[in-house]
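Shown next are two forms of a single protein chain, provided one at a time as structure tokens under the names structure 1 and structure 2.
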Structure 1
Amino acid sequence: MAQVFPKSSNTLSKASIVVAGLVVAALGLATININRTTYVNTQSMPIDQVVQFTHTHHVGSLGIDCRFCHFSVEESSFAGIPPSKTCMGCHSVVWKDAPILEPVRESYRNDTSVEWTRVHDLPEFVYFNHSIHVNKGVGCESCHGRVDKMPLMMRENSLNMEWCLACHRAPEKFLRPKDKVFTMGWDPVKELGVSQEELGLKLKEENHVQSRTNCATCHR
């Protein structure tokens, strides 16, 4: 009986199996790592807004406290977005006719909200509470970065689960005195003459901070 397939078919079939395995492995790695790319998590990418609000000016130059705008950060899971009347408290006098601020003036006149785009927007299956972190001594800077140096707001960190777990597993690396939570650029070595780890371990005990790594902590 004549041979149906040439001898090279054996080599090709073995090679195809190897190639298929490599393709599957590559797709698996791509799936695992795609959320680490800036294309997906938009880390370090300025976010376009209706009004290009600059934290560098308001926080860095004018020294406005985070809580002036994010009023519910100490009491609620949501930090709060300032209503237009908060903005107009200053801008009814300062830059009151600036074209760039017309969306704010319009929202104030019409009693509507400015359509801000959330920068730190977690998936719906993730629960995050600002108040518990703030009241345990986690500084705004730890998650949001040096906003006082950001002309346009962006994500300083990826917000991936591995990033969250790095803090939950070793919270002492990020804890600071509660009265310094809203202070940008606070340094325990310069201010207190102690290392972050030494101070963090002390604050972890004083504030009863636990290393919460149970899935139900965030996925409820």
Structure 2
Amino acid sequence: MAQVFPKSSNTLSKASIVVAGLVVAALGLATININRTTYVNTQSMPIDQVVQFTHTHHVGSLGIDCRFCHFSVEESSFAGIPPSKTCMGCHSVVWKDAPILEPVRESYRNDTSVEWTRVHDLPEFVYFNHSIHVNKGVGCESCHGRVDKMPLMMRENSLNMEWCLACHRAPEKFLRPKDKVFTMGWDPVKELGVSQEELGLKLKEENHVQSRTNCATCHR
């Protein structure tokens, strides 16, 4: 009887061990990278909301300050969502019958909440605090992008840990003067004629900004 396995199966069986290892590694890599895509983490995708609120109009065209609505951003971990009363301040007069605004009117009438969907939803084991970032000179734009150019709110950045760390390792790459934190489209070269690095290092020194990379800084 002829042998079941030809001699070449020796080589094949040895090679298959290596190939199996490679396949596992490739699958692992694929998993990690698929999870990092904007498709999976919904970055850059407008999120469905009950009211199609537009920052382009309110921030870009009207020039309303971020803090008009996000009033607790300087004192609290949470930036703040205004009561429906704040919307009604204008929208009881302007666009007062617009069907698009019915959820806001309903909320105001019945004292119920407009059920917004959180766009920047950090994992629950991350303890983020808006006030410290804003008070140390991290601009809204550095994390949230050009909100004044977002007709519908979307996440500009991944919010992956490596993204947080990029700034926590080298805050000077993003720091701005404290009075420019809420300005959109601020550019140190255009406005002050200095490079971001030069300005950042100066501000880091002046405002006692430290590089924070200890796990317990964010994970408590």
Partner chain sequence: MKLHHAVFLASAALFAAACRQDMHDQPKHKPFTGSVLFKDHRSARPLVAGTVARGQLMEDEHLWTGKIDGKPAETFPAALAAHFGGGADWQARMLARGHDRFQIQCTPCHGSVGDGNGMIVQRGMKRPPSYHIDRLQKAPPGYFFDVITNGFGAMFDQRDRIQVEDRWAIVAYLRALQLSQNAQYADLSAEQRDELDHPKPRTEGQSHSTEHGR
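Everything quoted here is computed from the prediction, not taken from an experiment. Here, rigid core means the biggest group of C-alpha atoms that superpose within 1.5 Å across both forms. Numbering for residues begins at 1 and runs along the sequence of structure 1.
Looking at both structures, it is structure 1 that matches the form predicted on its own.
When two forms of a protein are overlaid on their rigid core, residues whose CA moves 2 Å or more are considered shifted, and R212 is not one of them between structure 1 and structure 2. Relative to the superposed core, K202 shifts its CA atom by less than 2 Å between structure 1 and structure 2. Core fit done between structure 1 and structure 2; CA of A15 shifted by 5.2 Å.
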